[in-house]
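Coming up is one lone chain in structure tokens, specifically the form predicted on its own.
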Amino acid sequence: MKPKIGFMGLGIMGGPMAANILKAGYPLLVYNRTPEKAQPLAQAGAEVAATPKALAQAADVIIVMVTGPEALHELLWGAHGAAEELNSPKAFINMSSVSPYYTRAMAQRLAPSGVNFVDAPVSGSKKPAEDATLLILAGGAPGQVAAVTPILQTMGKKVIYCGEAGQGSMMKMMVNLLLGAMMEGLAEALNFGKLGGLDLEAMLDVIFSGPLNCGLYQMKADMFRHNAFPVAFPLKHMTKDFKFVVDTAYQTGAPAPVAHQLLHLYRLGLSHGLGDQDFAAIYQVLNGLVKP
């Protein structure tokens, strides 16, 4: 018999991830701070919990996918929080993007409960979440990660073991450092070429015809063509993750000069009201730096 899954956080990523768990035949119980977001899953056969505590009490495996540490803390230790009901042999999987430091502190705080803690953020955005093709970056005791891997595989094409708890979050920060740098690099190059009189299609043809071609650039090309950035991964979330990257670099002593500059540029995007657009809207930030 399959374990009952409790899933909290039904946003851009969490909603389709939870739907894929349900499609795989797992009994599913969901909770979202905004109850209306749970209705599509309820109509598909999921149960809806009234509180995080009620969800954790009824579920065998509790999964959380929320925007950051504040929301995660509220679900665990706020009013009617889930932490009171976490115990052995239950498993708790955090799939939210938080810093490695926060993940390790959370694991330490939950350790007395005996719950099996797994740190499993994802690499991928809205479409991979819908298609169950995410990369899942798992941290924790090897046996505990192995025990929940079949559940993780319902949401992703591959589960990569990254090490002890906190290393999943560390891998997520590494990936997003590269992701944010690649996107800013593409946006900066295209803006540079545009101001030098180059045609956008000609620039994209050069990029796509040589070793610089990659799936990310192909995926975002239409956004640059139309100067419109419908959200797949919000700029506000990339900004949040760059703050985690910079903080982690300080803690580890890693040189991160580009990360500091990128945090500044993505924060400019927030100040320009671009936070809810796709992070490729960094292109509009660079456009805005050009004085008429």
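Every value quoted in this text rests on a predicted model; they were computed, and no experiment measured them. Numbers follow the displayed sequence, beginning with 1.
There is also a form predicted together with a small molecule; it is not shown, and the following applies to it.
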property: One stretch from 116-124, 210-218, 149-157, 182-190 that, in the model of the complex, holds residues within 4.5 Å of the small molecule by heavy atom; result: 116-124
property: Triplet Leu10, Asn32 and Leu75 all within 4.5 Å of the small molecule in the model of the complex via a heavy atom; result: yes
property: 4.5 Å heavy atom contact, Arg267 to the small molecule in the model of the complex; result: no
property: Non-hydrogen atom contact His237 with the small molecule in the model of the complex at 4.5 angstroms; result: yes
property: Ser96: touches the small molecule in the model of the complex, heavy atom cutoff 4.5 angstroms; result: yes
property: Residue contact check: Met174 to the small molecule in the model of the complex, 4.5 Å heavy atom; result: no
property: Option touching the small molecule, based on a heavy atom within 4.5 Å in the model of the complex, out of Phe224, Tyr26, Phe233, Phe242; result: Phe233
property: Leu263, Ala46, Val66, Ala49 - the one with a heavy atom within 4.5 Å of the small molecule in the model of the complex; result: Val66
